[in-house]
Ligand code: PMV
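What follows is a single chain, given as structure tokens, in the form predicted on its own.
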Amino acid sequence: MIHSSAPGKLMLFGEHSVIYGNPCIATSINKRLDVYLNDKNENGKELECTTIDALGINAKFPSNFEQHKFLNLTIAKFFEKYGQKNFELTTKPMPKGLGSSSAVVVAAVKALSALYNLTWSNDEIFKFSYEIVKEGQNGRASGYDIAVAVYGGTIRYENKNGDMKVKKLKNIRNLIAIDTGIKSSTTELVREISEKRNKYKEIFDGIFKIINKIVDEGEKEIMNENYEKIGELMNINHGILNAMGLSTYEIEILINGIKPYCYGAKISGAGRGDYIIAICKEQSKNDLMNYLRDRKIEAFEILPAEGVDVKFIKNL
């Protein structure tokens, strides 16, 4: 049996701007999506069909394509390029809003490349995974979430006209991921911002220039380990996202409520839900977690996470 896993992600700086070739800073998180791939059944015979347990829902490949779009597309690409194989593929999911779509592609690509005896580098894993996600998103994918899943850690990422650049930064302590309790649609929000940008192009070009400057300053302060300034930049970035219409009344109440415990907090991702990310004061970490727990708000501390990996488990 082949077991691969890839980490989820959260964005620190550069939401939406990254889609248009601008840089961003994102970090992997200590929540992973696992893929288990077995090409034998209990009796050691080859399986008669490919079975997928994608994000907790059973399906026969290639049926139910829309429900398991990215995973099915990944398998289809391998079948097309390297020939069909019979195997059982099972996933252990992670919470929505943490980059599960990209993580499942990267983990599946890593597992399948091992099954097909392909000795791919991380760069090759990224390239193959990126093409899958881009096709699944109708050509619009920045690739930053794939890069985080592949390389792990905190990275500065830029993809300008197909020229992908990844720079590893220092990991940041005292980052807290907080579930807003609101589910949002990345696809719909990306479309909405695209429409606004088409309508107000000069304004949005100016906004993205400011965000680029925040990314540059954020990189510097991360390398300097100046957490107070990182928090200030997060607050500025959040204010811009709010002005773009990506926050909600509930999110603003949540962020204002945790301000006494944090240097900064912001939307992380497409906006209007899923997770916010906060950098808390060292001495206030326990108080922050107690504050959230008392209000039954789900949260976890973000710990350093490695990129995609794979190992072989002897079948029992």
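Residue positions are given as counts along the sequence shown, with the first one as 1. On a predicted model such as this, the values are computed, not experimentally measured, just so you know.
Keep in mind the form predicted together with the ligand is missing from the figure; the text below concerns it.
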Non-hydrogen atom contact residue 270 with the ligand in the predicted complex at 4.5 angstroms: yes
Partner contact for residue 19 in the predicted complex: the ligand, 4.5 angstroms, heavy atom: yes
The ligand contact at residue 126 in the predicted complex, heavy atom, 4.5 Å: no
Contact test in the predicted complex: residue 186 vs the ligand, heavy atoms, 4.5 Å: yes
The ligand: the contacting residue among 166, 176, 141, 169 in the predicted complex [heavy atom, 4.5 Å]: 141
73, 115, 190, 240 - the one with a heavy atom within 4.5 Å of the ligand in the predicted complex: 190
Per-stretch contact check against the ligand in the predicted complex, the hit in 205-213, 224-232, 141-149, 85-93 (non-hydrogen atom, 4.5 angstroms): 141-149
Residues within 4.5 Å of the ligand in the predicted complex, restricted to 157-175 and counted by heavy atom: none
